[in-house]
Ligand SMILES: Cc1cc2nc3c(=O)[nH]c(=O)nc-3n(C[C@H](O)[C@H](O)[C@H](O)COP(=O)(O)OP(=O)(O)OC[C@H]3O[C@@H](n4cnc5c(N)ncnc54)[C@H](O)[C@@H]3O)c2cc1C
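Take a look at this one chain, the form predicted on its own, written out in structure tokens.
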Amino acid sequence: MKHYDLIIVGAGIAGASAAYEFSKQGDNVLLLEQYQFLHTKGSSQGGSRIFRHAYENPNYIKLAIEAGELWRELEHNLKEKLVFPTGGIDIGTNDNKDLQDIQTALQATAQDYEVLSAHETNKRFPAFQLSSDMIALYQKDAAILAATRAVNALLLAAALAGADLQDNTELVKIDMAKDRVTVKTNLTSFSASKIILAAGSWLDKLLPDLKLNLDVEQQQVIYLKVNKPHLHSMVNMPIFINRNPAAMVYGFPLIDSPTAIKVANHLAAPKIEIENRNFELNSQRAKNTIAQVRSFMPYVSDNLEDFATCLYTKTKTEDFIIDLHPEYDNLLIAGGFSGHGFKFGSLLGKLFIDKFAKTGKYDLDMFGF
């Protein structure tokens, strides 16, 4: 039985980041993925994700700032373009609490931003036509992350640093001891000193006794044709999040398609059991999303070009889980990224190292379970 310093279960954004960072510091790492690498059954696939500093919590902003630096470092090291700067706007009414909290947090972390009136927003970014009672908080550091390419880059960097990457390898059983972990798979068995479970929407199934209370949601993104492509290019249109508490729609300028923008509703996706996951369009949800988007983006049509499904694994607070097992300090649980964790992918491995080492370099108290 081959022995490793660390076994990681799950090769999405969290597992890939962990494999890279632990290998880079000299650990002998095994990364196990139950499906093929870069598969489309989980939460880390697709052409694009939002990168932003605009958070209500200053701790997330500090982590996003460092993650941005690490994404740029990874781009440089691999000569791979992963981050596409666009700027970003958060849209809402003047009394929107989210916008007020974001401004407070950006001020606390000395981050630049602008508050634009509806008229200023419409003139500066004419893809949007906000009603007079709305404002937009503009933050220049927002960008688009190339999702699948980013995971692939981290996996490649991990392999170049010496990690052993094995896909199509299903976890069957874990035997824990204080100083040793034995993992049985569908192919063979391995042992390690430590283990990270970064299995996304399968995490609850692996740890039923912990009662992590994770909700798995089947999310969908839709691609809508635009009537004026030049207004919706990355040159002229930022990423956006509409902070309407009833339907938090968000979207991207033209990047995954030359003729259609990608949009979705962050809220109230249907909860599922992971074994019931499907890849079908929820037509009523799509119709509602289209109506929301067209209420402030007049040059977006209701012509659905394409769609894709993915999974959210959400905690009750939408804060992540990055914590050690209550009985075993050599088992780290990483998950519950709640539909907004991808942007931190370049940093997650460092957070996991810090949690194991208990150095307190990062403030991880909010990520307990």
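Note that the structure is a prediction, hence the values are computed from the model and not measured. In this text, residue numbers run from 1 along the sequence as written.
The following text describes the form predicted in complex with this ligand, which does not appear among the structures shown.
Contact check at 4.5 Å (heavy atoms) against this ligand in the predicted complex: none of G88, S233 and I261 pass.
Note on the interface: of 75-83, 193-201, 115-123, 133-141, the segment with non-hydrogen atoms within 4.5 angstroms of this ligand in the predicted complex is 193-201. Looking at Q34, you'd find a heavy atom of it within 4.5 angstroms of this ligand in the predicted complex. Looking at L351, you'd find every heavy atom of it more than 4.5 angstroms from this ligand in the predicted complex. Heavy atoms of K343 reach within 4.5 Å of this ligand in the predicted complex, making it an interface residue. The closest non-hydrogen atom of D179 lies beyond 4.5 Å of this ligand in the predicted complex. Only one of D95, D175, E273, E170 lies close to this ligand in the predicted complex, with a heavy atom inside 4.5 Å, and it is E170. Contact with this ligand in the predicted complex, defined as a heavy atom within 4.5 Å, holds for exactly one of L332, I321, L63, I50, namely I50. If you take 174-192 and check each residue for a heavy atom within 4.5 Å of this ligand in the predicted complex, you get nothing at all.
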